[in-house]
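Quick setup: one chain, the form predicted alone, written in structure tokens, and binding and motion questions come after.
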């Protein structure tokens, strides 16, 4: 069997595994959501009784008339209908936002999450690569020691803690940043459009979420690049290039940098998948109008269809990213696909 046939077989098997994993994940999510205490009708009844002082029966009648959901239907039948609709590209309609398609909700909120997290990922990856190489070339020195300690600490702190520290100190204690004015993706008084005013306003609202992502991820990229660069510096082709008298700058870029960065691309592929799922806490801290904040609202409201739709998008994104990482591993290291692991 040729190399091309082995690679095709490897890609096919990984693809089948990815599809099965998606099916198992959405099945687990479907039943897990319904095992949560309460349901959308109960939550809405409690809200009406607390806010309007309505009796339980009146609130229940209003909720049943408003929501187009039959919770008395057998769970297995609900599941079969859900799978059938998903296979036909229908994620249903929101239970709480009556009549609003889940696809429309996702399309409204998802771009803002993709914008903030992808921007932060590009910045942290690029800076991490450069700083990691500097640390590798100056390993053992004061700069390397300070940066290693700093990045190790930053990488260990959960990102929402960093976000809370920004709000507590910059917003509450020192009153330097008006975080109450930076809620949402842009200010309500700014007209959306491709204008300088709108772009600046969007960047102002996204600045601290992006900064938080960068601070909590740049350390892992720098430390990974440092270890990869140190390993590459000991390779024979680098020693041979120096023996030939090639300029150090050319060796650094063409021989060391290009080879040291290859293993990090697989990690980058996986990180891209978590763009969709890693935003819940940050967006809730800064009240940023993204898919993570919308998921949190759906969980509070027990909006089953919205929760299912967002979890499905997150699941597909993560599994697809892992699939791409598997393919990259197979291309970069033929021993993996030959071994069948």
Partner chain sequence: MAFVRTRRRTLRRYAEGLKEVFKIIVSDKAGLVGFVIIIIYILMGTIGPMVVPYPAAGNPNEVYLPPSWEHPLGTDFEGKDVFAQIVHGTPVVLTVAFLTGFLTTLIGVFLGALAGFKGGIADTIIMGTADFILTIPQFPLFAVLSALVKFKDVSMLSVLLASVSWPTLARAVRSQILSMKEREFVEAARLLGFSTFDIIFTEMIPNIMPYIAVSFMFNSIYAIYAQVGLAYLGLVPFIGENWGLMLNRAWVLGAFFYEGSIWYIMSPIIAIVGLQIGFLLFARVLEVIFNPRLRVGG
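Here the structure is a predicted model, which is why all the values come from computation and not from measurement. The term rigid core refers to the maximal set of C-alpha atoms that superpose within 1.5 Å between the two forms. Residue numbers count along the first chain shown, from 1.
From this point on, the text means the form predicted in complex with its partner chain, which you will not see here.
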Its partner chain contact in the model of the complex: residue 61, any heavy atom under 4.5 Å | no
Contact between residue 46 and its partner chain in the model of the complex at 4.5 Å, heavy atoms?
-> no
Flag residue 153 as yes or no: does it have a non-hydrogen atom within 4.5 angstroms of any non-hydrogen atom of its partner chain in the model of the complex?
-> yes
Interface membership of residue 159, its partner chain in the model of the complex, 4.5 Å heavy atom rule | yes
If we test each of 167, 211, 190, 127 for a heavy atom within 4.5 Å of its partner chain in the model of the complex, the one that passes is 167
Heavy atom within 4.5 Å of its partner chain in the model of the complex: which of 100, 119, 227, 252?
-> 227
Decide if the three candidate residues 104, 134 and 324 all line its partner chain in the model of the complex, where lining means a heavy atom within 4.5 Å.
-> no
Which of 230 to 238, 201 to 209, 92 to 100, 79 to 87 sits within 4.5 Å of its partner chain in the model of the complex, heavy atom basis | 230 to 238
Which residues within 169 to 188 place at least one heavy atom within 4.5 Å of its partner chain in the model of the complex?
-> 169, 172, 173, 175, 183
Take the rigid core as the frame of reference and indicate whether the C-alpha of residue 287 shifts by 2 Å or more between the shown form and the other one.
-> no
Would you tell me if residue 301 moves between the shown form and the other one by 2 Å or more at its C-alpha, with the rigid core held superposed?
-> no
Core-aligned, is the CA shift for residue 269 between the shown form and the other one 2 angstroms or more?
-> yes
